[in-house]
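Taking the form predicted alone, here's one chain by itself in structure tokens.
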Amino acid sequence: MRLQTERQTDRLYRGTSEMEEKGKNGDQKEGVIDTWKKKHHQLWVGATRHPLILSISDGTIHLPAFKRWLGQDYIFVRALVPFVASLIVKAWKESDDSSDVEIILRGMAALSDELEWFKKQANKWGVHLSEMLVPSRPNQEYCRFLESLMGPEVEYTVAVTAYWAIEAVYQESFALCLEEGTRTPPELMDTCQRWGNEAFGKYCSSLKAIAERRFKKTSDEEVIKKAEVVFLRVLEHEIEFWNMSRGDPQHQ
């Protein structure tokens, strides 16, 4: 199953390595995003090294928490689809590089595959994905945040920064669970491999390279400030989502 997932992901994200190569020269110097990650280190760590993720990596996770995350994340991914669709439109209208549309489109294709993956996992774990599954308050707020980024008044640079942050948090979080020496339960390895694999990491690097290119070319400092605010909002929403998945009463 794990090898199959790697092949599927390689196919879905094929072509991202070229974009990564294009961004290497810019990566030699610390970019805006890396500066933000240092500046807001505590929040970044809170999102990517959350106790829920640590409980997966050390093998102590409570399965009800995993099942709660599975159902709620399915709802979130469905909301992510129209956001990414709106991002493709923004890229088509505003980008200075035509390859942006193709890169983001690969993410859209992956989301289609992801929704099918959620359905199979839900069947495996006995999680009912139906209209009876009610989105939690943190999930509702996160989905409303996504919707707020879909309007034409939101700059492409800001929206693509949000998309990178959403994907990068999952990639870094689940990659931790694949590191040597961890005690990730075998039955959760497929989940961790889905977002923690190298191909998805390269895709996230491609999105990061797009954002950094946009930052370098803009003369509007206000846009960069907006992008930083959105970056922080994503981290806050991710932490709330992890908290909700753990079953913390104040985050339901």
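Numbers follow the displayed sequence, beginning with 1. Because the structure is predicted, anything quoted here is derived from the model rather than measured.
The next section is about a form of this same protein that is not shown, the form predicted in complex with a small molecule.
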Three-residue site 77, 114 and 170 fully in contact with the small molecule in the predicted complex at 4.5 Å by heavy atom: yes
Within 4.5 Å of the small molecule in the predicted complex, heavy atoms considered, which of 166, 143, 129, 91? 166
Counting non-hydrogen atoms within 4.5 angstroms of the small molecule in the predicted complex, say which of 36, 195, 215, 66 makes the cut. 195
Have a look at 77-85, 148-156, 176-184, 120-128 and name the one stretch with heavy atoms inside 4.5 Å of the small molecule in the predicted complex. 77-85
Does residue 231 reach the small molecule in the predicted complex, with heavy atoms at most 4.5 Å apart? no
